[in-house]
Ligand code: SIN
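Let's start with one chain on its own, the form predicted alone, as structure tokens.
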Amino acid sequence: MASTIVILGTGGTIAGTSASADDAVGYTAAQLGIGHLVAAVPALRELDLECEQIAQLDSKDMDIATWQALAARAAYHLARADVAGVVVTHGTDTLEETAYFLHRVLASAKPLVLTAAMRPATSIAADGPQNLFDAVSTVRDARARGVLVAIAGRVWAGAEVRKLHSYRLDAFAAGDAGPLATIEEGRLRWWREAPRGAALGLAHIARDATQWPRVEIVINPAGASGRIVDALLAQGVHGIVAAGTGNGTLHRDLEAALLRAQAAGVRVLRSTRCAAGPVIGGALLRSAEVLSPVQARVELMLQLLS
């Protein structure tokens, strides 16, 4: 029976340090290696773990090349007969994008669980150690499948998770869907199954990172104009996600510019700037449905790679 759990580090606040233990915002992310994070959790010492540092960055600086490297190493380890699953330590800022990307790319019945922290490792009440323990506990659960996120005592689907708060420890949610499970003393109480879907595979994302399609997000504020869309069109943008108001509604000038871009061959998805809820209806610009604007951007990039 597979028992090895591979932990891949990418940096983030969970690996961050601050000059003062009572400073949870003035820290520097991605300062500690993955081995240091694991050593800080005594409950993990008796387990069969392997650690590998994929990147060491603040997740606000996450990039396509790192996604490609992470997906490749995760796929390699998940294919090993002796590996039960993979944990990825990550920053919270772009976790929802990485989780959605991995959900769309990787095909494995084994679990890949991302985790993160809202406070640096040097904090007087650091949340990283508990979150890392919970992520490993999630991998060890017999019902865990696919790309998941374990943070603040809850398990979320990689296809649904999004960051909703800038400071609180329980910063994540999943729109209208809710968590998949809660974690109680290392045990999972499941509420529902994660959504499934066909994975694209590593070959789909093999194109050099510098050659990926350019997709930008345009928000719809009061008084929006179409000038930013016209500028993006002039620069050769390949796709645009429009974060509309309410049910993806758009100022008439912005919508007109997006329709011009679409007529010129630019792919457009219409999302909402609301924290939850889908975009329903509308025939002129295609709906991103339940995806957040940043998830929709990942989806559109992957579609344009075809």
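From 1 onward, residues are counted along the sequence shown. Small disclaimer: the values here were computed from a predicted structure and weren't measured.
We do not show the form predicted together with the named molecule, though everything after this point is about it.
Of the listed positions (91, 226, 158, 179), a single one reaches within 4.5 angstroms of the named molecule by any non-hydrogen atom in the predicted complex, namely 91. Residue 57 is the only one of 51, 65, 259, 57 with a heavy atom lying within 4.5 Å of the named molecule in the predicted complex. Interface residue remark: residue 29 is counted as part of the site for the named molecule in the predicted complex, having a heavy atom within 4.5 Å. At the 4.5 Å threshold, heavy atoms of residue 117 reach the named molecule in the predicted complex. Residue 163 belongs to the set of residues with a heavy atom inside 4.5 Å of the named molecule in the predicted complex.
Using a 4.5 angstroms threshold between heavy atoms, residue 9 stays clear of the named molecule in the predicted complex. Contact with the named molecule in the predicted complex, defined as any heavy atom within 4.5 Å, is confined among 79-87, 232-240, 184-192, 92-100 to 92-100.
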